[in-house]
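Just one chain is shown here, as structure tokens, and it is the form predicted on its own.
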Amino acid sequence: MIEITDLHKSFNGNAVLQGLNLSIPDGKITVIIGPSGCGKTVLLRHMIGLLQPDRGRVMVDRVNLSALDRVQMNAFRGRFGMLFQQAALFDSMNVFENVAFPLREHTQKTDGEIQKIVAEKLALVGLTGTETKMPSELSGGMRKRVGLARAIALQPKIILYDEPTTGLDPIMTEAIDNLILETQRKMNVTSVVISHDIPSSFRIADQISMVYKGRIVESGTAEAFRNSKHEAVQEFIRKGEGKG
């Protein structure tokens, strides 16, 4: 679904991505981990065309993102749903309005059609009946669920999760992990999860890939990743499991 080849990106002479290569399989959950500042978020921004590479190529569903103009890119982003780290809800809108927002912005659907879709997506994330609540009335976990309902409103082929369990307690972290797995099963999408949470990664991933010094140093199943001989991978696992 996503093929990244020889990706380079620098900011003010500081090389962040240094020849990164990564294949993200269709219909699976790929977790991308790595230490803070290693370039995970920069990589994610390339996947949705918010950044252009200095060198290299990002192919999504066989389309070279660098070949798209601004109008084409905006249309292409309809294939993506994104759950931001803090859910990024509109505080002035209730739950229904937040989930309906992309439908009103990007489709010509009637109010009746929008109501039906919003109800379906809220049911999918276990929030039926919350339509009139404001974000300030929701817990952190509920806000993320609303953010996910909004992310899947347009039936995306790819869902990107940016640190979905950051700031959550262990019980809510496991609930979000289960939600990611359930969404994957019900929608059969390609999921990319940016994370530093090792226990969570092992729970949900079909593939784990680690960014280190601007490159992918290990990529494989959770079992293969756990048995990696790469020193940085083993150190990251030890520290991560210690926190978990």
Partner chain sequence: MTLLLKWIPFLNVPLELLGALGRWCRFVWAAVTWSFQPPYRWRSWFCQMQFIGVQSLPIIMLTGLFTGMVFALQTGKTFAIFKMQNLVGSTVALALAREIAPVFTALMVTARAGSAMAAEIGTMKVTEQIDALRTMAVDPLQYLVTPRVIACIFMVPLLTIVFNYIGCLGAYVVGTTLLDIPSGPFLRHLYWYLDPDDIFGGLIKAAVFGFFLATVSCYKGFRTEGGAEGVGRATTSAVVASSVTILVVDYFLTTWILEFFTSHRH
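Residue numbers count along the first chain shown, from 1. In this text, the rigid core denotes the largest set of C-alpha atoms whose superposition between the two forms falls within 1.5 Å. Just so we're clear, the structure is a prediction, and the values are computed from it rather than from any experiment.
Below: the form predicted in complex with the partner chain, not depicted.
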Check residue 63 for me: does it contact the partner chain in the model of the complex (non-hydrogen atoms, 4.5 angstroms)?
no
If we define contact as a non-hydrogen atom of the residue within 4.5 angstroms of the partner, is residue 48 a contact of the partner chain in the model of the complex?
yes
Flag residue 134 as yes or no: does it have a non-hydrogen atom within 4.5 angstroms of any non-hydrogen atom of the partner chain in the model of the complex?
no
Against the partner chain in the model of the complex, would residue 144 count as a contact residue? Criterion: heavy atoms within 4.5 Å.
no
Please determine, with the chain shown alone, which of 68 to 76, 125 to 133, 166 to 174, 112 to 120 has non-hydrogen atoms within 4.5 Å of the partner chain in the model of the complex.
68 to 76
Just to make sure I understand: among 103 to 128, which residues lie within 4.5 Å of the partner chain in the model of the complex, judging by heavy atoms?
105, 106
For residue 94, decide whether the Cα shift between this form and the one not shown is 2 Å or greater, given a superposition on the rigid core.
yes
Using a rigid core alignment, state whether the CA of residue 143 is displaced by 2 Å or more between this form and the one not shown.
yes
Rigid core fitted, is the C-alpha displacement of residue 168 between this form and the one not shown 2 Å or more?
no
